[in-house]
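Quick heads-up: it's one chain on its own, the form predicted alone, in structure tokens.
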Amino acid sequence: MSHGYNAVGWTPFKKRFDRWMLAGIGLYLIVFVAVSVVAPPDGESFTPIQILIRATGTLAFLLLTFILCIGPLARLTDRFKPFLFNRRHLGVTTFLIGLAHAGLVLLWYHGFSDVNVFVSMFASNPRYDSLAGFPFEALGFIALLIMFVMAATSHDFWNANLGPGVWKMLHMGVYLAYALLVAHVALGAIQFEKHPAYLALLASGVVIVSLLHLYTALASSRIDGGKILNAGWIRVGATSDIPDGRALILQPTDAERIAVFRDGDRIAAISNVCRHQGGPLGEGRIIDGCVTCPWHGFQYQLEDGRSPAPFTEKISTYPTKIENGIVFVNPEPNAPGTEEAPSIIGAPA
């Protein structure tokens, strides 16, 4: 967690992640350039700048595809949850690689004209009514602008001052950027490149992203819809159904999702929505006695929904009870930060 808008904490884990990330990027660029020089497509030859244009373009597409896969994959396996903590690093790096790609394109294809490079890019090909000759560069430029806005507002300062709702809505623009990037590649490189790898790269990326999001959306829709029983309580399930240190998530009708956690012999319920960026708390786990968001590690105390000092975030708590080994939760939330004593497994009713 960050506090007072401090710079990103360079923990040993983040340092290792960034080293591996930069090493992977460097290796990809070296291999791409080497293959392009040693084994170019039949009848084609490229200048060094053209090779770098292709290398940075394909790398930016691959990285953005991977970024969009992190969320669904993290819901399927804990192995990908560390990437959630570093998705910001990946996003900013992807923007910088896209910026390098755009800069090389402007230099090589528009930099030798007497006209301003941006005017040249938008005016040199006005065939917006032709699918085959569509000015695909404009689509890539708009996608880059969206990624710039997301990279520039990635710090917690913007999340706090814009508010989690507005901030998240702004950063949902990544899907629009990806759609524009797919169109940019489909109407651009795919039209001119003879090597089938480009088409395979584009198609596989779109299919993987689409299927992963569709699958997790369907899985999310299968979350138990809590039915209100007598006296306004919802049946959660047996105490043994809740894994220790984890939660079951309920979706009351026309209400916010509830995460019902078990911490040893304690059962408590809190809002499923993290105050930082709207992360799903119920998909996190209890670390050091606090519910820890799987997205960025924000923590909340189970008994009152408050972040441990010096942090000030608060979420709603919910009353719980245990009857004959069955856990029930009242869907009426307490005010954020209200202390609510956990139910104790095995305690007298």
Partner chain sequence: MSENDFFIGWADETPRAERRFFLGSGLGLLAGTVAVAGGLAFWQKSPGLGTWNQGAVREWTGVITGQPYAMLRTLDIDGTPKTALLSCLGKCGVAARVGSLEGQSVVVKGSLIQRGKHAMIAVADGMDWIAPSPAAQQVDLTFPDVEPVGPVTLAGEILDSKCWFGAMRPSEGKVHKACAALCIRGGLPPAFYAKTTSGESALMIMTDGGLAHGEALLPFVADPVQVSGQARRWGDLLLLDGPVSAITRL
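Residue numbers count along the first chain shown, from 1. As the structure is a computational prediction, the values presented were derived from the model and not from experiment. Note that the rigid core is defined as the largest set of C-alphas that superpose within 1.5 Å between two forms.
The form predicted together with its partner chain is left out here; the points below concern that form.
At a distance of at most 4.5 angstroms from its partner chain in the model of the complex, none of the three residues Y215, F261 and E332 contributes a non-hydrogen atom.
Under a 4.5 angstroms non-hydrogen atom cutoff, its partner chain in the model of the complex lacks I208 among its neighbouring residues. Although the partner is absent here, R285 is a contact residue: one of its heavy atoms lies within 4.5 angstroms of its partner chain in the model of the complex. Remark: T58 counts among the residues lining its partner chain in the model of the complex, judged by a heavy atom distance of 4.5 Å or less. For Y175, no non-hydrogen atom is located within 4.5 Å of its partner chain in the model of the complex, even though that partner is not displayed. Only one segment in the set 234-242, 94-102, 71-79, 153-161 has residues whose heavy atoms sit within 4.5 Å of its partner chain in the model of the complex; it is 71-79. Between the options V166, V115, A179, A138, the residue in contact with its partner chain in the model of the complex by a heavy atom within 4.5 angstroms is V115. Residues are counted as partner-facing when one of their heavy atoms sits within 4.5 Å of its partner chain in the model of the complex; in 23-38 these are A23, G24, L27, Y28, V31, F32, V35, S36, in sequence order. Core-aligned CA deviation for G173 between the shown form and the other one: less than 2 Å.
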